[in-house]
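The chain below stands alone, shown as structure tokens; this is the form predicted on its own.
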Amino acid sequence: MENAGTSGLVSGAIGAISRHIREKELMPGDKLPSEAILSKELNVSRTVVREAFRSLAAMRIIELATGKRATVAQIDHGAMSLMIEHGVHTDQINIQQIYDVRRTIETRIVTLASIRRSDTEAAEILDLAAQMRRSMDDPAALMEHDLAFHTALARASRNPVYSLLIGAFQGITRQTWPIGWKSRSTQASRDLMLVTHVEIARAVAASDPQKAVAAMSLHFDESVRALLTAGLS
């Protein structure tokens, strides 16, 4: 009963602190009241406030640093990434389901990137596609350029939610990417993967969303085929 009671107090404190952030319109980097002040205001122990802070920090809502006041956090994809990896490793979701979601998201991303990208972003995306081709004999470097390519597209979409989602998928992608690359056992299949990225980049640079979507769809068709060949479902 005591544990259940403490859990309820912590949940209440989490809700109260979250409301404080909203009602006071605090922005990333702004400081929260101290543990002592919150303990008094919420009529709970400092231990309860400390546990609430830890939970909020794990959710990337606040930042904690030793000897400093808690601050509002800049959102990132860390918590979502861990959730996706946990889902895969505990067989609650599978790789094909992830790629199905990614395909839906990334076809929309290239549509928006084709419309909204700046000249600088277009040049960066083209350069990353070129770096991928130059890194064909170095899979580790190739993977990093590939991840950066998709990240750059998400940024160019001008929708920060897409950037969060693409970041959240990177953890599991780092685990599946080498498997998919090895399963592309012929030079032709590897060339196709690299050429498809170049075609995506060129379509975005040319502000042609239809070609960008077609190239991205082909990319995901080939990626799923490679993972199925490798035995991943």
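Sequential numbering from 1, following the sequence displayed. What you see is a predicted model, and the numbers here were worked out from it, not measured in a lab.
Heads up, the form predicted in complex with a further copy of the same chain isn't pictured, but that's what we're talking about next.
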message = Let me test this: is every residue among 97, 101 and 105 within 4.5 Å of a further copy of the same chain in the predicted bound form, going by heavy atom positions?
response = yes
ask   = Where does a further copy of the same chain sit in the predicted bound form: which of 192-200, 178-186, 37-45, 56-64, heavy atoms within 4.5 Å?
value = 56-64
query = Out of 147, 130, 93, 141, which one falls within 4.5 Å of a further copy of the same chain in the predicted bound form, going by heavy atoms?
reply = 93
task = Taking 4.5 Å between heavy atoms as the contact cutoff, choose which of 126, 115, 72, 136 touches a further copy of the same chain in the predicted bound form.
result = 72
ask   = Any chance residue 85 has a heavy atom within 4.5 Å of a further copy of the same chain in the predicted bound form?
value = yes
inquiry  = Taking a further copy of the same chain as it sits in the predicted bound form, is residue 51 near enough to touch it, meaning that at least one heavy atom pair lies within 4.5 angstroms?
reply    = yes
task = Using the partner position in the predicted bound form, report whether residue 151 sits within 4.5 Å of a further copy of the same chain, counting heavy atoms only.
result = no
query = Contact between residue 205 and a further copy of the same chain in the predicted bound form at 4.5 Å, heavy atoms?
reply = no
ask   = If you look in the predicted bound form, which residues in 195-224 sit within 4.5 Å of a further copy of the same chain (heavy atoms)?
value = none
